[in-house]
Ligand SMILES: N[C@@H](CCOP(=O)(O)O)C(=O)O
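Only one chain is included here, represented as structure tokens and corresponding to the form predicted alone.
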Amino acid sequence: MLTVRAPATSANLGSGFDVFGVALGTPADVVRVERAPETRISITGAGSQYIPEDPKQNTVGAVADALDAPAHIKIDKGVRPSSGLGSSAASAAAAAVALNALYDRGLSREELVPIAAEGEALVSGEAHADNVAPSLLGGFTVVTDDDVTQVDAQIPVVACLPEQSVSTRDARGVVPDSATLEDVVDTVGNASTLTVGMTRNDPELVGRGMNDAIVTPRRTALIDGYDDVREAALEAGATGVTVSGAGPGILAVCHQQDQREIAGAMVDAFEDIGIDCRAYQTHVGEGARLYRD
């Protein structure tokens, strides 16, 4: 049996819609695999009751098919579904690494990105790699149609997850079909600033570069209390705040010494409007890790 721990992720980061992503130190999914004549899936953990175990409807089933690697796959969910923290991507990335090793397929992490993205297509309707890439590779990733660029960034963050659900399909449904030239230019500038910040491990530049006037404002409307939580995080010292992926998770970039105060402020802001939540004081971290039992 092989075991893989694959981290939660935050995609988009505001200005990098469908392109940017980061791996988070916590939470994570743990996937265990062993060879079998046909693929079977069992699931425990956060939100497991909402995830289908039928391989034809589960992200890891698609990965097993793509690798021609039938197995008994046990998933322990640490990343809640419909959280905006790359729940399905974590499972897909973990399965890709585990099954690649189990069957000695010899594929690199980069070569596993499009395979894991096929699992994501079951959730979003399209094979986006902005979550699976950082879950596989770690750090900060930039995904294009032809390539993935990875930076070993180490930026402190707070990921706040309220007890709400936003489906990936609903979040994609509010994305505008067009944008003004002014908004596009601003977004390109912000995305460039964020990228430089990641290469320098500079939370100030990363936070400044997260601003986005095209996609994020449409998605914040799907998250109860977003404006209050964002304002509370900024007042507590966050250098930037945005929607994590499709939401409802909210990501705050910060300096290490401000993490605890920011986490508390975000939780309090949600609780003030009657919404329970959990805040992860974490960081941009490593990708999927393989353990041989």
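Numbering starts at 1 and follows the sequence shown. Please read all numbers here as calculations on a predicted model, not as lab measurements.
What comes next is about the form predicted in complex with the named molecule, which does not appear here.
Peer 1: Given that the named molecule is not shown alongside this chain, does D130 nevertheless sit within 4.5 Å of it in the model of the complex, heavy atom to heavy atom?
Peer 2: Judged by the heavy-atom cut-off of 4.5 Å, D130 is in contact with the named molecule in the model of the complex.
Peer 1: Are any of the heavy atoms in L99 no more than 4.5 Å from a heavy atom of the named molecule in the model of the complex?
Peer 2: Answer no; every heavy atom of L99 is more than 4.5 Å from the named molecule in the model of the complex.
Peer 1: Looking in the model of the complex, any heavy atom of Y280 within 4.5 Å of the named molecule?
Peer 2: Looking in the model of the complex, residue contacts with the named molecule do not include Y280, since no heavy atom lies within 4.5 Å.
Peer 1: Taking the shortest heavy atom distance, is T195 within 4.5 Å of the named molecule in the model of the complex?
Peer 2: Outside the cut-off, so no.
Peer 1: Determine which one of 63-71, 222-230, 243-251, 263-271 lies within 4.5 Å of the named molecule in the model of the complex, judging by heavy atom distances; exactly one does.
Peer 2: Among the candidates, contact is made by 243-251.
Peer 1: For a quick test of understanding: in the model of the complex, does each of V22, R109 and D152 have a heavy atom within 4.5 Å of the named molecule?
Peer 2: Per the other structure, none of V22, R109 and D152 touch the named molecule.
Peer 1: Counting only non-hydrogen atoms and a 4.5 Å cut-off, give the residues of 157-185 close to the named molecule in the model of the complex.
Peer 2: Heavy-atom contacts within 4.5 Å come from T168, R172.
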